[in-house]
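In the form predicted alone, a lone chain appears below as structure tokens.
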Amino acid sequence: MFTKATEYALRATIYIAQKGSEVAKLGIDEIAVAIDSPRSFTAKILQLLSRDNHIISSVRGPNGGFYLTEKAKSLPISCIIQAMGEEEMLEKCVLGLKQCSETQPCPMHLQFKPIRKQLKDMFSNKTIREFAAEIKDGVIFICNR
């Protein structure tokens, strides 16, 4: 549904919210391994989420690393999707048709419409903290290993 960059951004943010803190910052290598992402790609994504969008906080130096503030943990997941420039994915036709609309629907339009609404609601109403807490429960995972 999303690009690899957005998938990694979601994974990284949730992982950092779960494992990191202002006292225990996480390094790029740990994050990349934990989310099964190439190191350089992960670095670019974290840079985008920290410098440009202020979702992830970072500190340089020997005791540096990445973490989320309590305020950032309260943000909805949709903030990450927006930061990655993919909010339109939830508006596009599931078949990729440009002419698909309420008046001119594709074969999947009517069935996908309630699913799209559920996805939008979940991304807008569920916080980064809530997703991170589910991983702590041990039932949910964030990496295919």
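Given the structure is predicted, the values throughout are model-derived calculations rather than measurements. Note that residue numbering begins at 1 and tracks the sequence as displayed.
Missing here is the form predicted together with the DNA; even so, the following discussion is about that form.
Using a 4.5 angstroms threshold between heavy atoms, Ser58 counts as touching the DNA in the predicted bound form. The DNA is not shown here, but in the predicted bound form it comes within 4.5 Å of a heavy atom of Phe41.
For Ser78, no non-hydrogen atom is located within 4.5 Å of the DNA in the predicted bound form, even though that partner is not displayed. At the 4.5 Å threshold, heavy atoms of Gln104 stay clear of the DNA in the predicted bound form, well away from it. The partner is absent here, but in the predicted bound form a heavy atom of Ile28, alone among Cys100, Ile28, Ala34, Ala83, sits within 4.5 Å of the DNA. Annotated contacts: Thr13, Ala24 and Asn125 are all free of the DNA in the predicted bound form [non-hydrogen atom within 4.5 angstroms]. Of the residues in 54 to 93, those that come within 4.5 Å of the DNA in the predicted bound form through at least one heavy atom are, in sequence order, Ser58, Val59, Arg60, Gly61, Pro62, Asn63, Gly64, Gly65, Phe66.
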